[in-house]
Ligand code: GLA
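Presented below, as structure tokens, is a lone chain in the form predicted on its own.
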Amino acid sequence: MTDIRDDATTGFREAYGYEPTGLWSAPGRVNLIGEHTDYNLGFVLPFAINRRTVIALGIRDDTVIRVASEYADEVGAIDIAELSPNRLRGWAAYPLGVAWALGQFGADLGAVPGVDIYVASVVPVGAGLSSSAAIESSVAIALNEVWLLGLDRPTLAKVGQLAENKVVGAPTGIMDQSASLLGRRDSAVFLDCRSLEAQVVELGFAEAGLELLIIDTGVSHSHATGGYAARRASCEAGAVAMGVASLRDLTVDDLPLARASMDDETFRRVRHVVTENQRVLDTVAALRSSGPLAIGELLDASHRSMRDDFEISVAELDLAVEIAQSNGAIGARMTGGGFGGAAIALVPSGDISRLQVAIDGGFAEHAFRQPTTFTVNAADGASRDR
């Protein structure tokens, strides 16, 4: 973290010519299990990771917000009064979208000062580790503090989700922001996406001699493109066909009726969400009663469901999972929204190097781009750092 904090401070100084008021950071997240269940008001089990986005922020004496980052050469600027979803584009839509969304949650944007923001990050972009939520959450806690808004973290998660939905245009649920804001060291966040009740669940990876390996395939994805939106539309159609408000209201016992009530594709989308909700509950129960060595088959089953029923995997993700399962992993699955990004593998610490070599060799054999692999630990959520 020292280097990225220094990068943010230096970047701010070079972009704006003065020292920032403070530094705030928020982590990316990995979803241990519970994919595409969040916007269906179901259950998820993510954890914040030890890779963070840092923002340096300075308070201005006018009403202009300027944003700069290592992602882009130019500095964007807009008056707070002109913030609106249809005016915000590109990467700046993430931080500026949060400022707009805070106004939708009660902030009097006519009475707050302008700010200068600089963004630096070590959360991989496009890997399914929610680099977007890390930006949104770090900006949200910073503006909440300097604008004296007094919003709690569950509300700030809603702010980040609104920015992503209405400004960025990605129809995501609230999981990513919740994990980034509510994360705890060595623990996962068990989130009920309907009630927004969050419970901290100890993972026990280190005690069991396990590490979580991220396998970033390098296949880029975008939640704002059609595949993600089409899956969400199928879920909504399935809920309508079953006469329920959301798929959260269905259990595995309802699947025979669901099969008879809709076309095969919609049914398979529904079956994934319903069974994935049950897998999240089973994973939490297993962690609490037996520890992480007991969750491998649940991770494997989650991947099969995403591959076959939800159809959001790609060849590179399937290969990463297969190699992991054949080289010592307790369990493995793709993670994130799909259509690219990363897979995760829960692996005994002594097998990490062997698995990384096997993955590199397997990808080369298939003429796939070489993936990036690294381990992550469960980390604390968003914070003020300086």
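Each residue number is its position in the shown sequence, starting from 1. Because the structure is a prediction, the values reported are computed rather than measured.
If you look for the form predicted together with this ligand, you will not find it shown, but the lines that follow are about it.
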Could you check which residue among 93, 284, 298, 174 gets a heavy atom within 4.5 Å of this ligand in the model of the complex?
174
Contact label in the model of the complex: residue 147 to this ligand, heavy atom within 4.5 Å:
no
Taking any heavy atom pair closer than or equal to 4.5 Å as contact, tell me whether residue 337 reaches this ligand in the model of the complex.
yes
How about residue 228: is it within 4.5 Å of this ligand in the model of the complex, going by heavy atoms?
yes
Using the partner position in the model of the complex, report whether residue 42 sits within 4.5 Å of this ligand, counting heavy atoms only.
no
Per-stretch contact check against this ligand in the model of the complex, the hit in 315-323, 33-41, 55-63, 352-360 (non-hydrogen atom, 4.5 angstroms):
33-41
